[in-house]
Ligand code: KG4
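What follows is one chain in structure tokens, specifically the form predicted alone.
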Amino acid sequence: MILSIESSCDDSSIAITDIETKELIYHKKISQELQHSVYGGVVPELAARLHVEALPKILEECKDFFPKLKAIAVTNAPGLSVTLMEGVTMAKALALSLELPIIAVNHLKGHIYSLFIEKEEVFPITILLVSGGHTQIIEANSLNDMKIIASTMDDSFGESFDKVSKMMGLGYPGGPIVQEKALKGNEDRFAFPIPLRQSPNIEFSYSGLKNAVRLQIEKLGDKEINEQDMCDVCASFEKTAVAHIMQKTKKYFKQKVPSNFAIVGGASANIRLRTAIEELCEKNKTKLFLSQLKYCSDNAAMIGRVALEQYNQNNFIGINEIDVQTRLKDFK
């Protein structure tokens, strides 16, 4: 079995995966959402301290599996350096004490392999990765052959939801909160500009939309923003945010219709976005792959699934070689 650790942001998670059957034997995640909601977003130093408390508690439940372990897997990039270090430090300690090799896992590959938990991998596949830190279109031919085709120039899709929620004091994480408010709002009340609408390039940007929402909220604030105002802002924002992604994704489909397509990442749980992607894939006769909702956000199960493939390729890293990286330019 492989023990995998995830601590790239504000979720402490450990999983145990069977190497031969790919069965997820054990999986637990402790979220820090409540602690960070006070600040309207993730505070790195607080997240690191909470990992110090949570990870050992989860590990305590895994001791019975130690004799069957063949490797320790851990997310080492990309993510917050102070939180990644907590997971890497635990992985090093386990590797030393149990005399096991370490597998360093790319967090973004983890999101892609969330599609294949307890399943066989499917390639080639084109992926739309939308999370709090990333908005990318990726062409994946295999574990070691993945190419980023498009990415955001500034804010990510998920981050923009968090910021809009914070502007109105609605809490963190913003994705589910804004989505819930949007269901009760008038999406046509505010005509927010769709980013890069006239640009022929396939790339994303959310800073301009975020600023437009901020200005509208400030304008409404002059007469005290009420519940319906907030719902209308959320609905109009969500409509525009999804329209931007869909415009650029449709441009990609015009250039190359993929046989397999997937949407992954924490923000992929957005119902409006999922529905729009489903319609696009159905129209183009593209097979759509979706992660189970419980595996959309950061988790160790997806890290363990990547680790299975790396284990079979003898892709290990030395204890003194592993480090943490906040960002990656590619998937190597």
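A residue's number is simply how far along the shown sequence it sits, counting from 1. Nothing here was measured: the structure is a model prediction, and the numbers come from that model.
One more form of this protein exists, namely the form predicted together with the ligand; it is left out here, but the text below deals with it.
The stretch that touches the ligand in the predicted complex, counting heavy atoms within 4.5 Å, is 153 to 161, out of 153 to 161, 69 to 77, 195 to 203, 137 to 145. Taking non-hydrogen atoms only, P176 approaches the ligand to within 4.5 angstroms in the predicted complex. G132 belongs to the set of residues with a heavy atom inside 4.5 Å of the ligand in the predicted complex.
Among heavy atoms of L55, none comes within 4.5 Å of the ligand in the predicted complex. Although the partner is absent from this view, H107 contacts the ligand in the predicted complex, with a non-hydrogen atom inside 4.5 angstroms.
Residues from 238 to 275 that approach the ligand in the predicted complex with a non-hydrogen atom closer than or equal to 4.5 Å are G265, G266, A267, A269, N270, in the order they occur in the chain.
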